[in-house]
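One chain follows as structure tokens, the form predicted alone.
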Amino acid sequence: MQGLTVVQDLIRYRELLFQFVRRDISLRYRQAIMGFGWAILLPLLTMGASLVLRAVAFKGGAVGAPPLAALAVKAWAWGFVAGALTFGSQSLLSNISLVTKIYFPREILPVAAILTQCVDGTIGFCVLVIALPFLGAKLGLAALWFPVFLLLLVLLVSGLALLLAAANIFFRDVKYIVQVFLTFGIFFTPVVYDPSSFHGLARAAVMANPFAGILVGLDLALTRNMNLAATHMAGTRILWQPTDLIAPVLGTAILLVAGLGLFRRGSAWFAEVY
């Protein structure tokens, strides 16, 4: 199995993986005025932009705006997605001199980029946890769902990053596609709006996005203390139903298998194509 082989390679080359993560962290913040402050500022900027958009787009009340705590959680999660896909998709090209000259499992590079982003995300999350009670969040036992959705998010992004990193070697315009996706993806993912405002097929279309179920799950578990094993309603509006987990789980499995498989097949040609 491809997945088992990759895991074994990552364990075997764990010291090299650790060195890449250390190097990436050092390079990212070297000579940066704010240092690790960027890990806090970028989610705040995403949240600020979302607040402006919310004030303009939801003035008429046609689509419900999420509470401030929900917006903070989803902005943090989307910031992780944006950073991981940006650096992960560029990881092979950024290290092409190593790829063409030295043998090592190529998966280490995008995985190192994602682990580096996890460090950023951890710093931002620590600040988020402190801020959530002041933003009206209701923390409780439902927060135990957080590791489940976090694991899904990391695996989903990992599969997508592997796929994009390999494709970026063969098609150099992939980096533009990634930027377009990150720029407009926030409008198709419930970051600045609440999918419970939609009904029927409209809500199903929104929740078909694998990122949607993960972000909504993080929001409801961390800020509204909802047990996600049950259905939750607000009047006639569906806040959550267990079937909302189908798209994240299925999407994660498909992208992870496809990403690992295509990356492994393409890795033999990385040096030749470049």
Partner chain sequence: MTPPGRIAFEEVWKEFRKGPAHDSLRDLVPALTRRLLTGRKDGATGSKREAFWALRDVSFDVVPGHCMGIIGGNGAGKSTTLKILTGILQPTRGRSILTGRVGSLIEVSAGFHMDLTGRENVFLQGAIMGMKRDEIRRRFDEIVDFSGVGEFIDTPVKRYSSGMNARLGFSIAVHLEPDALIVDEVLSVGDANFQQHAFGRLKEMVRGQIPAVIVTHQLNRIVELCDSCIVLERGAVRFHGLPEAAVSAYLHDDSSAQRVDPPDAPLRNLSLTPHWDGAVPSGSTLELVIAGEVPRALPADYRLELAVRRVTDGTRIHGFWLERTGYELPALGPFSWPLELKANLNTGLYQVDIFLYSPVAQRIILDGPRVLLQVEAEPPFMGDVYLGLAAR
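Residue numbers count along the first chain shown, from 1. This structure is a prediction, so every number in the text was calculated from the model and none was measured.
As for the form predicted in complex with the partner chain, it is not shown, yet the points below apply to it.
*Asks:* Among the candidate stretches 114-122, 131-139, 84-92, 169-177, which one is within 4.5 Å of the partner chain in the model of the complex when only heavy atoms are counted?
*Replies:* Correct option: 169-177.
*Asks:* Would you mind picking the one in A143, L150, L98, L182 that has a heavy atom within 4.5 Å of the partner chain in the model of the complex?
*Replies:* The residue in contact is L98.
*Asks:* Indicate whether A268 is a 4.5 Å heavy atom neighbour of the partner chain in the model of the complex.
*Replies:* Contact check for A268: yes, within 4.5 Å of the partner chain in the model of the complex.
*Asks:* Is F20 close enough to touch the partner chain in the model of the complex, meaning at least one heavy atom pair within 4.5 Å?
*Replies:* Result yes; F20 sits at the interface with the partner chain in the model of the complex.
*Asks:* Residue-level contact is defined here as any heavy atom of the residue lying within 4.5 Å of the partner chain in the model of the complex; does A253 satisfy this criterion?
*Replies:* No, A253 is distant from the partner.
*Asks:* Taking heavy atoms only, is L16 within 4.5 angstroms of the partner chain in the model of the complex?
*Replies:* Residue-level check for L16: yes, a contact with the partner chain.
*Asks:* Out of 103-134, which residues reach within 4.5 Å of the partner chain in the model of the complex, heavy atoms considered?
*Replies:* Y103, R106 sit within 4.5 Å of the partner.
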